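Encoded as structure tokens, the following chain is the form predicted on its own, with no partner shown.
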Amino acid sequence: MVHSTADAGNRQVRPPTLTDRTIEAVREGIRAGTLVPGELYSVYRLADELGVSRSPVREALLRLAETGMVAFERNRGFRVVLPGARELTEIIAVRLALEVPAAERAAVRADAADRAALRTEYEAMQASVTAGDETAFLLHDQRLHTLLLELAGNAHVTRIIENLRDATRLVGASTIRKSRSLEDVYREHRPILDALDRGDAPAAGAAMRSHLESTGRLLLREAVGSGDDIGLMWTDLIE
């Protein structure tokens, strides 16, 4: 499939602003473990460390607070928030609402080069499984999802999902260690890519839904433990 000039223009990445850079720095700090959930951090100190003014730092933190990734304490600073069960339920609901139709649209729009790029990330995930490298695996997993979202052609959705994925990253990593293997997560992506290879939009959406629902159940189990609460929350989520 050949993308139109308009499609190509829509997929160009705008230069990052200072706010964008600050958001990415905070997200990277969460990924790397230098920003720890629950600890209090100074807005002023973060601005100094990044070499920017306080204004873009405040704007970045406000945007991250909208996703539930950070929380402000008046006149004190901010904390990275480890999402609870209710927050996780809401995040998965948003991801289902946005990523399922995005996968369907990607199946229609993907050309040979797009499918090759997705396979490259999938093969890198497989190599990470073999090496037992969880950090690399999660990176390529995120890149694969981002490529799918970019194919759908909505930059706002891409940014929203990237923030939500980072908000659940710490909980998600623990599900890999306790509830499922890297191999399990890797295999969940295969039906999505197979559907894209066929250009089968309904199958791509169904495979994405299955993957996200599996992830959602495990995240909730990690947050609240086993029991009836998970079933009630999950019923609320999917109905």
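Here the rigid core means the biggest group of C-alpha atoms that line up within 1.5 Å when the two forms are laid on top of each other. For every residue, the number given is its place in the sequence shown, counted from 1. Keep in mind it's a predicted model, so treat the numbers as computed, not measured.
Quick note: we don't show the form predicted together with the DNA, though the next part is all about it.
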Check your understanding: Taking the DNA in the predicted bound form as the reference, which of Ala65, Val36, Ala206, Val52 has a non-hydrogen atom within 4.5 Å?
Key -> Val52
Check your understanding: Among Gly153, Gly84, Pro101, Gly77, which has at least one heavy atom within 4.5 Å of the DNA in the predicted bound form?
Key -> Gly77
**Study point:** Stretch in contact in the predicted bound form with the DNA, which is absent here, among 92-100, 132-140, 118-126, 67-75 (heavy atoms within 4.5 Å)
**Key:** 67-75
Review point. Going by a heavy atom distance of 4.5 Å, is Ser42 a contact of the DNA in the predicted bound form?
Key: yes
Exercise for review: With heavy atoms only and a cut-off of 4.5 Å, decide whether Thr19 touches the DNA in the predicted bound form.
Suggested key: yes
Review point. Does Arg190 make contact with the DNA in the predicted bound form, using a 4.5 Å heavy atom cut-off?
Key: no
Point to revise | Any non-hydrogen atom of Arg58 within 4.5 angstroms of the DNA in the predicted bound form | key: yes
Check your understanding: After a core superposition, would you say Ala71 shifts its C-alpha by at least 2 Å between this form and the one not shown?
Key -> yes
Review point. If you line up the core, does Ser210 shift 2 angstroms or more at its C-alpha between this form and the one not shown?
Key: no
